[in-house]
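Before any questions on how it binds or moves, here is one chain, the form predicted alone, in structure tokens.
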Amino acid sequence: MSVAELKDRHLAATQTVSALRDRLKQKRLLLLDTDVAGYSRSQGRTPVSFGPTDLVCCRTLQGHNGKVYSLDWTPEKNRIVSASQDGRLIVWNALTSQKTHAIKLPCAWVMTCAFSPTGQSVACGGLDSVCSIFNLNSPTDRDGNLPVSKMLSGHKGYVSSCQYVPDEDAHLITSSGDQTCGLWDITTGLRTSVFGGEFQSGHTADVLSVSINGSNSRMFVSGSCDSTARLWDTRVASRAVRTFHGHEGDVNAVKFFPDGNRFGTGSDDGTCRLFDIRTGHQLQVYYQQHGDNEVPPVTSIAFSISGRLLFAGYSNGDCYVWDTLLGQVVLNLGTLQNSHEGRISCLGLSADGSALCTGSWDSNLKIWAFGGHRKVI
């Protein structure tokens, strides 16, 4: 068979796959007679209301000299780790705004950071394709820098996201520009599983984000530049459990819903979406029409402790608080006093759900606390 014939057959097969995907999409749409918001409205549900003091900026964490790219809360105590373009990780006491650690990184091009479940160590990764682990209890070197305690090497592209497996400091999941995710044994420094890559059900473009299921730590979801999110089981690395379509741009952020049966996504197409891992169906699209017809990409997302609220950061500096039941924006932190002056690049909720932290290209982090008579929801 000649090269030309092979090309023709490949083109025909690609067109067939595309046509089948469109037919499948239409069949799915026929099955979905309503969405979460439509059903909630039919049940007489009303949106969450916010007064002027219900969610306020109570602290601004200043110390980075470059864009803030990533942040993470520790499960215990009130500490935050942040990663910045200035090539440093800073560990903050969220109650006092004081810095407890300022870690100079071996590679300044950092993209992600994470706190370990015990709060004893932090991980980071970036354009060096390595995930570096720092033990916060280690003594500093002669120059006052905290040494790297473990380097997890194996990815062939940048490390875009990392998250420790809940309830243990020994395992970590990473996502990468090499189109794969990896499960790592931190004790040995070895990658025990690779998700994607040469396997047919893997991502076909850079993987940008991961989120581990808090109810079942063997399951995690990944978001990619191929416009899909994929569900994985760490016991079966050879294939994705399910692939979720719907977005029309890079999936920049994924986050599991508190009950573990659903997850949210945020994309360059300007929408957030809610998916059900059991049925594979898209349950809701969260999209706000803009007057100038420009749709700012969603950079990061987080759910409130009950799941009733979805916090979404946007490239234009907005940070919408969505009512997940009714699909409505109930607050925009970008319009409040002391809001950020640049792109919202990352955000995260404290373990008890009482505070939200946002990071921005304006080099600052801000802590937003529920005030007044507002209960944590």
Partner chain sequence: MSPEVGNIVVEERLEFAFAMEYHGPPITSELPRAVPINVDRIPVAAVVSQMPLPDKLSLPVVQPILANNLTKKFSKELKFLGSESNFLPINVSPTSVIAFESPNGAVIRDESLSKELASGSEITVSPSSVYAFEERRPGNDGCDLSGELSSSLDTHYPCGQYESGELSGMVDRSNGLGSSSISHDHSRELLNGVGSSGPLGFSGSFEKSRELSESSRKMMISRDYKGSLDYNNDLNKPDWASNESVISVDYPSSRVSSLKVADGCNEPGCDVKRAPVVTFCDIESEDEDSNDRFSRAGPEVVRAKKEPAVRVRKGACYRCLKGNRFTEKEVCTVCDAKFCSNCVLRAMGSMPEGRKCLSCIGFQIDESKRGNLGKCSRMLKRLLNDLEIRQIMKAEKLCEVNQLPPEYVCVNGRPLCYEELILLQSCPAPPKKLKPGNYWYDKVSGLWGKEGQKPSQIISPHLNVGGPIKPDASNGNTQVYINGREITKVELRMLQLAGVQCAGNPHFWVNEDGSYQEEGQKNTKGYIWGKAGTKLVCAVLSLPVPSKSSCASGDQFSNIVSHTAPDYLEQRALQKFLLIGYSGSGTSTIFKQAKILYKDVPFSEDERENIKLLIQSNVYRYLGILLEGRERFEEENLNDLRVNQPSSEDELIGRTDGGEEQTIYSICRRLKAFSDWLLKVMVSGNLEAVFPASIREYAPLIEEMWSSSAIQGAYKRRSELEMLPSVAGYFLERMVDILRFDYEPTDVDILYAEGVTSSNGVACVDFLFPEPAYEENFNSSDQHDSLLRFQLIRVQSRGFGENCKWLEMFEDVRIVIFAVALSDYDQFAVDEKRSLVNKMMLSRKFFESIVSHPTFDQMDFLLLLNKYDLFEEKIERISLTKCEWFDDFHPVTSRNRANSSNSSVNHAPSLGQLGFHYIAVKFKRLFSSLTDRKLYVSLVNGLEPNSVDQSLMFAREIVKWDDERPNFSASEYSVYSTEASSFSH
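Please read these numbers as outputs of a predicted model, since none were measured by experiment. Residue numbers count along the first chain shown, from 1.
The form predicted together with the partner chain exists for this protein as well; it is not shown, and the discussion that follows is about that form.
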(message) Only one of 326 to 334, 33 to 41, 57 to 65, 306 to 314 has heavy atoms within 4.5 Å of the partner chain in the predicted bound form; I'd like to know which.
(response) 57 to 65
(request) Report yes if any heavy atom of Asn93 sits within 4.5 Å of a heavy atom of the partner chain in the predicted bound form; otherwise report no. (result) yes
(message) Although the partner isn't part of this model, could you tell me whether Ala102 comes within 4.5 Å of the partner chain in the predicted bound form, counting any heavy atom of the residue?
(response) yes
(request) Classify His247 as contacting or not contacting the partner chain in the predicted bound form by the rule of any non-hydrogen atom within 4.5 angstroms, answering yes or no. (result) no
(message) My question is simply whether Tyr287 lines the interface with the partner chain in the predicted bound form - judged by any non-hydrogen atom within 4.5 Å.
(response) no
(request) Report the residue, out of Leu152, Val122, Leu71, Val110, that has at least one non-hydrogen atom within 4.5 angstroms of the partner chain in the predicted bound form. (result) Val110
(message) I need to confirm a contact call. Of Leu127, Val148, Val236, Leu190, which residue comes within 4.5 Å of the partner chain in the predicted bound form, counting heavy atoms only?
(response) Leu127
(request) Residue by residue through 340 to 358, tell me which have a non-hydrogen atom within 4.5 angstroms of the partner chain in the predicted bound form. (result) Arg343
